[in-house]
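Next up is one chain by itself, shown in structure tokens, the form predicted on its own.
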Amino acid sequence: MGPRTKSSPETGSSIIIEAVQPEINGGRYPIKREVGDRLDVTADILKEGHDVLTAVLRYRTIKETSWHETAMAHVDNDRWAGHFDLEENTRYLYTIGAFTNTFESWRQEVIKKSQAGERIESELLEGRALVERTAKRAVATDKTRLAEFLKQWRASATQEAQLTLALSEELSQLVERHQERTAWTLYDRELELIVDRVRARYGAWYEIFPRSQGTTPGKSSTFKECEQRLPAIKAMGFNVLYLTPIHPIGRTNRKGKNNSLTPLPTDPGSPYAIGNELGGHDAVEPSLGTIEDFDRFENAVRAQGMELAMDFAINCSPDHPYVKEHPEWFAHRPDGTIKYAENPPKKYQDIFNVDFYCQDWRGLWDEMKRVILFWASHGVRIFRVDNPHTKPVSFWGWLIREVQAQYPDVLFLSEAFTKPKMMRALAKAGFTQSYTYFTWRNFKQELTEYMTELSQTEMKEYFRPNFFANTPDILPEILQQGGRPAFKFRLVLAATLSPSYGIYSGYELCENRALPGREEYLDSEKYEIKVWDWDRPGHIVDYVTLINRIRQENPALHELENLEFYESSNDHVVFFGKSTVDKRNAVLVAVNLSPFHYQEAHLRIPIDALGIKAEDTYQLHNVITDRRDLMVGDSYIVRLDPQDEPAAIFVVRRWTHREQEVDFFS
């Protein structure tokens, strides 16, 4: 291969490698992909003069010590491109190397001179010398074959015969495999890549309060009772079951119904006020069961084909063992007391925040890692992190890397409804997924602009969105005012715009009773144990099931970057689509964004982008209503009644002369 030392101005290298993509903040942060993907890398690679360059893409896993290489190809205007396949759930490093291809440079020169009728005796001697040096480095059959070429070259009586031999493609390939890497130059950064399992990109989440899955009013359900709910949740098509905190709940300043400061003796308190004399973040609330019961429940979830996501809330009630065992982890006021948590105007009298900048910050950080590793040892591979934006970003970068070094399949979801730059910083630091502003994006222009930002800008390299249509903390106004139609079309938007989405239980019941003037639930489960009638009139369980089935059956909906918005004549109707790279699966979605009024829109079907000719016949199959329309051309009128069906999901299929339906492009 020749020397692999990095060139410098002193060694005469003048190869420039720049504008490498993908690269986040000059290589400061890793990009993200999933197992089975291909990483495409491009760069500007150039050098003065007319030398021919060769470029290679170098990569290795974080565990390997030697680099793999794959050739990069010249695209145009000094732009080069290469790729490699991502086969492991781990972290990779990648960079770019380039060198002067001396033999190819010589070949190009001798071809030009020969075609111009110039004498090339000296050039042929130079070329033979290059092959002779290469033959000394070659091994095995390549060395033998190069020796045969040299023997023929020396025996050739004419320049024409020597030139024909010198320009042999076989000889060029032999020399390229063993040539000296003249002016070898490495890009000055090794870039990092996190390769997660596919669940990092694609999943349907269902959030529950475990204590509210039973049938006895005022009595917490146990993990064993929660198991009885699993078949119904799985039947709706969800593959991630997300639990709110399951730890012992504090008693001091315990909250009552609707966040009251005067609880009744029977009020269970908020599960986000973690810790009492029975334990803290590595303990289980006794009313739910034991750690053995949790293990059995976790296994039951997996048996249903789902996996568990645990809420990691670094909140401590005044009764948490940390308060007595590690008072140095909390900020004390001058009078010696600890201030409770606040996010004005919200007050959390039942919660103390730890101080990440305390003198024993290292001990605190190590304890948080221990907690995560404890639950990972019990089978948990997904952690939804509560309010990460109120803790140091550097802490999260360290914690996530430390955990994934032992459990590379662990995923972290950032619940940070905060300023855009902080949300992006957390994602760059290593969070696998992020909550988003989708919850408040209701209209055509803002949806289009936001989704374009997420799917088409640099954010697509590191910020994986998870679209929650509601949360225990957020009952959006559109759901409060729009009722059942809004619940249906917001579900369609969440499930088709983003490959990962979620709902908080009660969504399928169209639960929208709110505190007056607030985006918060009336009689919230955060402060009381609920008993739900999962079959109550007006529910949309069948609709949720249908939409999740459509997602599962259409791989185009498993991606984010393939999102495209298309022309709709009505500002109340948004029209977009996704298709697989090979166009075998193409899905178009039209949604009436008004929960109150019937809307009609003239849609422009993107037949050119789908490879359909103007004269071709194709089918639009609305997989929500099962209506099928045979189409010619790009014009389609859609009518969407919110009281009936506020959305249409079309699967595009080619119609053949055999008069039978086939998959698009099959």
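Note that residue numbering follows the sequence shown and begins at 1. What you see is a predicted model, and the numbers here were worked out from it, not measured in a lab.
Absent from the display: the form predicted together with a further copy of the same chain. The rest refers to it.
Of Lys143, Arg177, Lys419, His378, the one that lies within 4.5 Å of a further copy of the same chain in the predicted bound form (heavy atoms)
After the contact test, the surviving option is Lys419.
Glu477, Glu561, Glu118, Glu88: which sits within 4.5 Å of a further copy of the same chain in the predicted bound form by any heavy atom?
Comparing distances to a further copy of the same chain in the predicted bound form, the residue within 4.5 Å is Glu118.
Contact between Asp44 and a further copy of the same chain in the predicted bound form at 4.5 Å, heavy atoms?
Contact with a further copy of the same chain, yes.
Contact test in the predicted bound form: Ala300 vs a further copy of the same chain, heavy atoms, 4.5 Å
Answer no; every heavy atom of Ala300 is more than 4.5 Å from a further copy of the same chain in the predicted bound form.
Exercise: Tyr29 in contact with a further copy of the same chain in the predicted bound form, heavy atom 4.5 Å
Output for Tyr29 is yes: heavy atoms within 4.5 Å of a further copy of the same chain.
Looking at the partner-bound form in the predicted bound form, is Ile550 within 4.5 Å of a further copy of the same chain by any heavy atom?
No, Ile550 is distant from the partner.
Which is the contacting stretch out of 464 to 472, 88 to 96, 361 to 369, 591 to 599, given heavy atoms within 4.5 Å of a further copy of the same chain in the predicted bound form?
Going through the listed ranges, the match is 361 to 369.
Can you list, in sequence order, the residues from 168 to 206 that come within 4.5 Å of a further copy of the same chain in the predicted bound form, counting heavy atoms only?
Heavy-atom contacts within 4.5 Å come from Ala183, Tyr187, Asp188, Arg189.
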